[in-house]
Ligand code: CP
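Encoded as structure tokens, the following chain is the form predicted alone, with no partner shown.
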């Protein structure tokens, strides 16, 4: 396994399988003080509910400890650009903060934010990778603009628990849904890669103009070719749902309109029919509903689906704890 945990695609097949198996074992029989004396720093440049709670509880249950640092309360703006003349608002460079925190802690976990209004800038996840370059301890990506490997790993654990060890050939629909604001593609990218890599029959459903990143799609198609799976793009939600076994709802912004929130919102408002409701789920083959949370009830998904017996949402959330314990144990032991 790499020194850092930044993207699922960085893991070998063996490393991914080991993490999933370890998470399931830890859920069945929690380890006792496996990381006694170890410390984890949690740096949040964006708000969090599940991620912060599960990492703090994971370290506690493993016998270690964590500290929480928030950019809104605990530290100041940090500069990430190399060679920058720092005469602007940032009083400290990432390289200095990373080196200092690495001398205190055994691992760092970062939730980053987009660095600029341009998609080509944001897709590079420069703030995250600046921390990875300069930290001398393992770094965990708690979500960046482009990737959410912690959520992706928990999703794989949930799929394995639900459908068994082999997921090859199972129809899986990643369904774009309407949302009051443009969301980052991080969750969509991570689960798309995971589902394709596991040999699932992946259908990516979205309105025209909401295509995912071309490089990510090509990477998913290549992963599917190796695993015996497939990746298909659908512009019709009903078509994508027909006979599927999994409906993973998620919103993401329009790449051509990135950084233009008013224009993008007007475009998005024309697609209110992109919602997962009872009628949509009846088109599936006894399909299971998944979402990473937080979820907008009766905008993204109706109450009856979210609270129904075929919803895996709360199991996904619970599995964040166990999958992150697996990551921490693997990186810190």
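Numbering follows the first chain given and starts at 1. As the structure is a prediction and not an experimental result, all values here were calculated from the model.
Keep in mind that the form predicted in complex with this ligand is missing from the display, and what follows is about it.
Of the residues given (206, 203, 193, 111), 111 alone sits with a heavy atom within 4.5 Å of this ligand in the model of the complex. With the partner omitted here, the residue from 296, 271, 68, 50 that has a non-hydrogen atom within 4.5 angstroms of this ligand in the model of the complex is 50. Here the chain stands alone, but in the model of the complex its contact with this ligand, taken as any heavy atom within 4.5 Å, falls in 144-152 among 239-247, 79-87, 97-105, 144-152. For the chain shown alone, residue 292 is a contact residue for this ligand in the model of the complex, at least one non-hydrogen atom being within 4.5 angstroms. A residue is said to contact a partner when one of its heavy atoms sits within 4.5 Å of a partner heavy atom; residue 325 fails this definition for this ligand in the model of the complex, lying far away.
Residues of 302-322 that come within 4.5 Å of this ligand in the model of the complex, judged by any heavy atom, reduce to 320 alone.
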